[in-house]
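So this first bit is one chain, no partners, the form predicted on its own, shown in structure tokens.
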């Protein structure tokens, strides 16, 4: 299968995990290139739900190599916990099917502590992601390559002193003691060290061998540090440009896949033009089980926003659509779509006819109600791309899929 990249086109939580899980079966390599344990990807396998944060979704496929690239930030404790979680459910995780970049930066307890002190305004997950990227940009960060020579110990001490100065903690909530942490982290980092390698070379070797590669984005385009709704964004590049810098390998992506939720959601603070703070919004949240996979926070819900989606398509050059959670719109009539903004910045809606029937049993487009087909075609025409995958429910089999060509 040709190379592909799957990216969220909205504010994240579009259902990327299910899309990547389906595509990964035909891929040799699946790559994460940005973000950290603030991402939450939910995958359903044989009616069982798995929530992944750092590990690529391809880890649930035995014949796939999973790569965590240099653009990611890695919390060793979270990664170790997730490896144990996946192994505990019968999946294999070893240095043969998981490699982690030696150039990825380490999230420490000092970063997490600073995040809880400062991240409230933006609405971060408190996972230490932003402070770790701050250290990366400040050139004071701790890279995983430090596991090789043991220099991570001194790095811990230096980060403790740095964050105590730049982000003082209140007396009743001091930063954790670095010496105690070093003793606790010794066996943990020793167990992770075999996974750490030069992923740029490892990935380039796969590309030279014409192995098929799938890049998996975290968060969504509208949370990109440059192209999102700044300052209410994440700390990394969630767009296609971040895929190249986040791995150090140039690829031509034959399939640039936009994961588009059939409506819009957002976690945390920031603008949301089509937000529904009413019974319709609450019903969307209930039907879609719209609670953060990482934090459990309720997601804000609203109608589809085409102007923002068009910006995502410009940034990423999307040429395919994976449309998710379409089943959650059954029973709404009309279904509203923002098609532009007026002079005051308020969304201008177009109303489309809704449908009543449950679409989860559908196995082809022809099985869908005519109004549902019209909704899909309206999105395709508006965005200039074909929906090759339509998710009609959370399970793997609840998907209408056409071959990627």
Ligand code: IMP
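Because the structure is predicted, anything quoted here is derived from the model rather than measured. Residue numbers count along the first chain shown, from 1.
Beyond the structure shown, there is the form predicted in complex with inosinic acid, which is absent from this document and is the topic of what follows.
Participant: Should residue 234 be classed as touching inosinic acid in the predicted complex when contacts are defined as heavy atoms within 4.5 Å?
Facilitator: Yes, residue 234 is a contact residue.
Participant: According to a 4.5 angstroms non-hydrogen atom cut-off, is residue 125 in contact with inosinic acid in the predicted complex?
Facilitator: Yes, residue 125 is a contact residue.
Participant: Does at least one non-hydrogen atom of residue 97 fall within 4.5 angstroms of inosinic acid in the predicted complex?
Facilitator: Residue 97 lies outside the contact set for inosinic acid.
Participant: Determine whether any heavy atom of residue 148 comes within 4.5 Å of a heavy atom of inosinic acid in the predicted complex, and answer yes or no.
Facilitator: Because no heavy atom of residue 148 falls inside 4.5 Å of inosinic acid in the predicted complex, the answer is no.
Participant: So which of 242, 268, 288, 141 reaches within 4.5 angstroms of inosinic acid in the predicted complex, heavy atom to heavy atom?
Facilitator: It is 268 that has a heavy atom within 4.5 Å of the partner.
Participant: Just one of 302, 228, 246, 130 has a heavy atom within 4.5 angstroms of inosinic acid in the predicted complex, so which one?
Facilitator: Of the candidates 302, 228, 246, 130, 130 is the one lying within 4.5 Å of inosinic acid in the predicted complex.
Participant: On the criterion of a non-hydrogen atom at 4.5 angstroms or closer, are 23, 253 and 320 all touching inosinic acid in the predicted complex?
Facilitator: Result no, not one residue of the spot touches inosinic acid.
Participant: Taking the partner as it appears in the predicted complex, which of 185-193, 149-157, 171-179, 260-268 has residues with heavy atoms within 4.5 Å of inosinic acid?
Facilitator: Answer to the contact question: 260-268.
Participant: Between 189-228 and inosinic acid in the predicted complex, list the residues on our side with a heavy atom within 4.5 Å.
Facilitator: The stretch 189-228, when checked against inosinic acid in the predicted complex, contributes 219, 223 at the 4.5 Å heavy-atom cut-off.
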